[in-house]
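A lone chain, given as C-alpha cells: the form predicted alone.
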C-alpha cells in the first residue's frame, strides 16, 4: 500500500540569503510549506570552519518559512532538516534542493515499483571529546536505522544516499573538554571536520552492514579500507548533533521520482557517473531517455590521500593557497557537470570513509514519465 508521496525540486539561488525562488513556489501552490521535510543546499562559501554562508542560508530559510508554518525561526530549524554545503568552486552553481513528504492520495493504485522515499532522524548532542570517535559512530548508526524506518525502507540495498550534517570542534569546545580532564580527537578546528565526517560515515557503513560494527577510535581517518558507498557527510559549526537524512526507494512511496547511485573510485571516474545516471534510466547530457528528467546529482569529492590519480601525481594536498577540498569539489563538479549538462549539482568536499580513498558516492534523482 502506497502511504507517502515524496517530492523534490531544485531551485537556483542568487546568494546564500536568497529565498525568492522557494517563496515563489510556495505562493503559487507548487510547494506546500507544511510538507517540507529537508532542504539540501550549495552555498558560495569556502566550505571551511569560518564558512558562515551556511548559517546565513539556514537563517534566511527559517525566517522566510516561519510565517507560513506559524512557528518561530528556531522551531522551523528543529522541524526541517537543513544541510548546507559550502563551496561552489569552478562550474558549480549555488542552489537548494527541497524535499517534501505528504500522504499518498487515492489515485496512486497504478503506481508500480519502488519509488523515492525519504526519512530523517537525529542523534543526541555529542560532547566535544566524542567527535570523531566510537560514540559518534554508534549514535550515527542508530540514527540511520531510525531514518530508514521513517522512510519505510527495510532493505539496506534500497538506500542510495545518506546525507548527514555533523558538528566540528572550536577552541571553546576543545577547552571545555580539557576542563573535564578529557582530550579531543584533535586540537585543530579544521582537522576536526574530517574526524567528524569520517566517524559519521563509518556509522552509516555499520548501520547498512557494509562493515562490521567493531570499529575502534583509531580506525577513523586511518583505516581507509573501511567506508560506506552511500554516505555523504558535511561538518558545520552550527550544531552539536548529527542530522541524518536517508534517501532511497520504497514500495510504500507513490513518488514520481526515483533514486540510484554508483561509486566513483577516483576524481575522474566518468564511468561511475554514467552508471549512476543509467541506474535511473538516464544517459549523459542531453538527457532525453523515455521521458525521464534529471532532477539533481549528489556526490562526494576528495583529494586522493596517496597523492596520485591513476599513477600521476596531483598537487591538491600540497597547495598552501587553496584547500584540497576546494580543488576536489571543482574537479569532480566539472566532471559531473559536463556529463549532466548542468553545474547546478550538489558536490560536497571531504569524503573521508565515504567511498574508496580519492573517490566517493554519486547519487542521481530522476523524475519518471507520467
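We call the rigid core whatever largest set of C-alpha positions still superposes within 1.5 Å between the two forms. Positions refer to the first chain, counted from 1. It should be emphasised that the depicted structure is a prediction, and the values quoted were computed from it without experimental measurement.
The next section is about a form of this same protein that is not shown, the form predicted in complex with another copy of the chain.
- Only one segment in the set 225-233, 138-146, 240-248, 277-285 has any non-hydrogen atom within 4.5 angstroms of another copy of the chain in the predicted bound form, and it is 277-285.
- Shown alone here, residue 255 lies farther than 4.5 Å from another copy of the chain in the predicted bound form, counting heavy atoms only.
- Though the partner is left out of this view, residue 16 does reach within 4.5 Å of another copy of the chain in the predicted bound form, counting heavy atoms only.
- Although the partner is absent here, residue 94 lies within 4.5 Å of another copy of the chain in the predicted bound form, judged by heavy atoms.
- By the criterion of a heavy atom within 4.5 Å, residue 70 is excluded from the residues contacting another copy of the chain in the predicted bound form.
- The contact residue chosen from 260, 191, 152, 90 relative to another copy of the chain in the predicted bound form is 90, the criterion being a non-hydrogen atom within 4.5 angstroms.
- This chain appears without its partner; in the predicted bound form, the one residue of 182, 170, 270, 102 with a heavy atom within 4.5 Å of another copy of the chain is 270.
- Relative to another copy of the chain in the predicted bound form, residues 314, 319 and 322 are all within 4.5 Å by at least one heavy atom.
- The rigid-core alignment places the CA of residue 237 2 Å or more apart between the shown form and the other one.
- In the core-superposed comparison between the shown form and the other one, the C-alpha atom of residue 172 has shifted by at least 2 angstroms.
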